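Coming up is one lone chain in C-alpha cells, specifically the form predicted alone.
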Amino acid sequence: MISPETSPPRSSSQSPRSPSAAPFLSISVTDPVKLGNGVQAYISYRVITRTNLPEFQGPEKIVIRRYSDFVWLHDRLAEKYKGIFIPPLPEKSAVEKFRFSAEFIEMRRQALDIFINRIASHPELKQSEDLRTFLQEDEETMERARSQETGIFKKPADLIQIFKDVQTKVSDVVLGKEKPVEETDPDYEKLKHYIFGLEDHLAETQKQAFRLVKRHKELGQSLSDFGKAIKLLGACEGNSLGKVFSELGAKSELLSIKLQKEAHNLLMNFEEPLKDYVRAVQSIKVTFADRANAFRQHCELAETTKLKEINLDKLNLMRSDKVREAEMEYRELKAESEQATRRFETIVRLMNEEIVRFQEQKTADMGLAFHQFAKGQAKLANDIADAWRSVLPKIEACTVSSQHG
C-alpha cells in the first residue's frame, strides 16, 4: 500500500487551504501495473488526488485502485443519483490475449482518468461521500466496501433482472390497462428519438474510425515490408540505381513509422473518444429506464391513493368501525404517493439540466477530436508527399543517366 505523500512545493504567499484560493479538485489515474498471475491477474492504478476542498483529508492523496473499484464507484453513484447521467466506464476486455496488451492497458487508463474527472467536475457527483471514499481510503477499506452488500447496492445480475421486471411490468392491476403506463410528453419523446438516433450515428462513425486505424496500421506494415525488400534489391544492384533503391527503402521505413504513430494517435484521440460517447449515450438510456420506472410508480400510487380515498368516503358514509384504520392507510399511502411524485419530478428536472451539460460537453469534446483528426491527417499527408517528393529527382537522374548510357 502506498502512503500519502506531501504536496509539491508551493508559493508561501497563499496556502491551498486559504479561503481566497479558488476551489479545485484534480485527479490523475497513472502508473498501471500488472499484479498476480493467470486468471487472478489484474491491473492496479495509482490514483492521485490534489485538492483544496475542506471535506477532503489533505491537499494530496495517493491510493492504489483496480478496475473493480471503479465499477463499485460507478454502481454506487448510479443507484443514488437517479436522473443524473453517470459517466460511463470502459468495458472489460472479453478477449484474454488483449487484456494485458500495452495498447489496451493505456486505453483503459485514459478512459478511467476521463471517468473519474467527469465525476469530479460534476456539481452534484463531486460531493458524493462514495467519491471521497474511493479517492482517500486504503485498499483494505475499499475491498471491504466492494464485498459489502447493502440495501442499495446490488450485483449487476440483480440490476439486470430489476430492469427486465420494470420493462415487462404492466399496470393493469391498478389502472385496468393492458399496456404499461408511459409518458406522452412530446419534448421527452423528441429527446428519446434524438438520443437513440445519436447512438446509431456515433456507433457507425466509431466503426469507420476503427477501420481507419486498421488501414493506417496495415499500410504502415506494408511500407515497412516494402522498404526492407527494396533495400535488399538495392544492395543487389550495387550502383547508382542501388543507392536510389536504398534511399527509397529508407523513406518507406520512415513513413511506416509515421503511419504507425498516426494510427496510435487516431486510436487514442479519435476512435476512443467516439467509443466513449457511444457508452455515454448508453448511460443516458439507463436514465430513461429510471425515469420510466419513477413515472409508473408515480401513476400507480396516485391511482391507488384515489381508490383508497373513495373507499374511505364510503366507510365514512356507512359510519363503519373501520374508518380509523382506513384513514391511517390512506394517509400513509398519500405520503408515499407524494414522495413518488417528488421523486419523478426531481428526475425530470435533473435530466433537463443534464442534457444541457451533455450537449455542451459533447460539442467541446467532439470538436477537439475532429480537429485533432484533421490536423493529424493533414500532417501525415504532407509528410508522405515530402518524403516521396525528396526522392523523385534522384530517381529521375538515374533514369536519365541510364538512357544516355
Partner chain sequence: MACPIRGPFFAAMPPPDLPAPPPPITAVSPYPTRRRRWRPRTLSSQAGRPTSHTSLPPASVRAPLTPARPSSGRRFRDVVTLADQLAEAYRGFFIPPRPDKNLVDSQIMQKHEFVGHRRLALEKYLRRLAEHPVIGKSDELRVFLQAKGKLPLPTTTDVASRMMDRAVRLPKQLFGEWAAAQVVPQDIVQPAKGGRDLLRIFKELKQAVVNDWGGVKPSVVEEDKEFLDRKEKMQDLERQLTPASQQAEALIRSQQDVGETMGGLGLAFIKLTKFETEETVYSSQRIQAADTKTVATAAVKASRLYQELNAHAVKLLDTLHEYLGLTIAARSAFSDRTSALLTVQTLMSDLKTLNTRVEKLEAASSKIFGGDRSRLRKVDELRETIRVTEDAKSCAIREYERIKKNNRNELDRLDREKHDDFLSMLKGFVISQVGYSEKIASVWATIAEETSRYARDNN
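For clarity, every value in this text was computed on a predicted model and none was experimentally measured. Numbering follows the first chain given and starts at 1.
FYI, the form predicted together with the partner chain isn't displayed, but the following is about it.
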key: Of 182, 113, 218, 124, the one that lies within 4.5 Å of the partner chain in the model of the complex (heavy atoms)   = 218
key: Single option in 34, 46, 375, 342 placed near the partner chain in the model of the complex, where near means a heavy atom within 4.5 Å   = 375
note = Assert contact_stretch over 113-121, 138-146, 187-195, 71-79 against the partner chain in the model of the complex, heavy atom within 4.5 Å, equals 187-195
key: Residues 91, 288 and 306 all lining the partner chain in the model of the complex, heavy atom within 4.5 Å   = no
message = Considering non-hydrogen atoms and a 4.5 Å limit, does the partner chain approach residue 225 in the model of the complex?
response = yes
request  = Would you please decide whether residue 371 lies within 4.5 angstroms of the partner chain in the model of the complex, comparing each non-hydrogen atom pair?
outcome  = yes
ask   = Can residue 248 be called a contact residue for the partner chain in the model of the complex at 4.5 Å between heavy atoms?
value = yes
ask   = Can you check whether residue 205 is within 4.5 Å of the partner chain in the model of the complex, heavy atom basis?
value = yes
ask   = Heavy atom within 4.5 Å of the partner chain in the model of the complex: which residues of 334-369 qualify?
value = 355, 356, 359, 360, 362, 363, 364, 366, 367, 368
